[in-house]
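One chain comes next, on its own, written as structure tokens: the form predicted alone.
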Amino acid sequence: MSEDLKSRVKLLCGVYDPETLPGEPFGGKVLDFLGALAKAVRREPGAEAYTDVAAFGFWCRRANLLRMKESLGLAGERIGLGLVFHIAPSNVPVNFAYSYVLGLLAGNGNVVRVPSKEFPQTELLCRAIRRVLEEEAYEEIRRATSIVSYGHDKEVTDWYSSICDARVIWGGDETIETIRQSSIPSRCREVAFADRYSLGIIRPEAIRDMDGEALGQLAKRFYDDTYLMDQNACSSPHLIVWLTDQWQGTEEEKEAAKDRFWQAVADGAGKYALEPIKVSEKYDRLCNFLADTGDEAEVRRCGGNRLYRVLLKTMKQPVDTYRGIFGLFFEREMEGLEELAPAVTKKVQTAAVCGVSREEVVRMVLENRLQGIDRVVPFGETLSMELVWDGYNIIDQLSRRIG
């Protein structure tokens, strides 16, 4: 890299050495490093204030990584590709760290571009990474790492793209299109995690039959899935489908179950930092939806400005049109999963479920040959990073099999 380009890049962690060679996936030194990093994150002052940071520290424990490796069932001898260039999204502060770990686990050196927007979580995680990389035992990994920050500078992106063996892009469709203007070598692999949409499916009897403690736990998990990321994460549910195919009770009891769920969510959202800009943006989005859509809908406010419910009487738009933010949620009652199937597009990534089995949703996807829904998880696990994401086996994508 020229001195001019270097001057435009802020190096946050590591110092990537172009002579770094790939290694085997889940190498012992990498697992040792990540185990040490998990402990460093938990010890980092202020980490306890950020649920997403704490979740990352828990996720990259050696035991958890080995469990995921076992479930992955990789076949054959493998080795990393070389250098992976990661472009992290601008709206999920800890995503860069997950992407970095995935590159390491696959046996690669990594250059990771973090968002130019400053997040306290990013700085906290970088401090922990730097601290572990400074240990002599992890010098090899330090030389296989560069975590960098720079603005929208195509020349810098051009250079990193020109030397990488794989490029991982996280972001919206426009971001991916822009990054792809920077060419990559002919044998370079690219994995793009594009703009996606997620929803939840709940049977009201599951809410009706919960005791207060169980409902409070569900509300907390829902909060973590949604409010924690301002509903910006691709896996955060925006639409709640109330599945009534097994309901036995009156209409009033069914509505009471729905209200019970939302009231528990509203109670849990009392801790949500709702700045005036969030209120105005949420209200603006709601007004634009009501003005532009041809759908019949009823709006209910629950828990003050922290929770708005948009009850859809019709769904005439593509399902990913129903996007909330800062505590704005859409909901629609359906008599069965077959009613949901026509609305599922390739944009749909995650279905969070309560009172609905994973097997039911998977069967709907297979029988209707749907292009959407890559994951089916309980509420509280939508943000949990997995080694298979958006339908990609990431370790497989970032390594090569020697046959």
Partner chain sequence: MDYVDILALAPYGIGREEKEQIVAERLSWLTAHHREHCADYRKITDGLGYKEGAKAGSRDIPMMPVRLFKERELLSIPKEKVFKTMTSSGTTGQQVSRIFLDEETSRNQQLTLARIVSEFTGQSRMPMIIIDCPSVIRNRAMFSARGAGILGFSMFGSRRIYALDDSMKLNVEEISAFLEKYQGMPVLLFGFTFMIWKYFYQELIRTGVKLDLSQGILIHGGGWKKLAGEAVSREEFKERLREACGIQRVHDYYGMVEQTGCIYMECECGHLHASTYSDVIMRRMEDFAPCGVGEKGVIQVLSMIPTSYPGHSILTEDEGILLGEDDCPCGRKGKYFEVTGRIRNAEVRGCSDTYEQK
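Rigid core (definition): largest C-alpha set, two forms, superposition within 1.5 Å. Since the structure is predicted, the reported quantities are computational estimates derived from the model, not experimental observations. Numbering follows the first chain given and starts at 1.
This protein has a second form, the form predicted in complex with the partner chain, left out of what is shown; the following refers to that one.
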property: Residues R62, S71 and I129 all lining the partner chain in the model of the complex, heavy atom within 4.5 Å; result: no
property: Candidate stretches 271-279, 257-265, 135-143, 96-104 - the one whose heavy atoms come within 4.5 Å of the partner chain in the model of the complex; result: 271-279
property: Contact assignment for the partner chain in the model of the complex, among E123, E253, D292, D209, heavy atom within 4.5 Å; result: D292
property: Listed residue (W242, Y308, W159, W247) with a non-hydrogen atom within 4.5 angstroms of the partner chain in the model of the complex; result: Y308
property: The partner chain contact in the model of the complex: D284, any heavy atom under 4.5 Å; result: yes
property: 4.5 angstroms heavy atom contact with the partner chain in the model of the complex for G171; result: yes
property: Contact of A214 with the partner chain in the model of the complex (heavy atom, 4.5 Å); result: no
property: Any non-hydrogen atom of Y322 within 4.5 angstroms of the partner chain in the model of the complex; result: no
property: Interface residues of 189-225 toward the partner chain, as seen in the model of the complex [heavy atoms, 4.5 Å]; result: D195
property: Rigid core fit then A49 CA moved by 2 Å or more between the shown form and the other one; result: yes
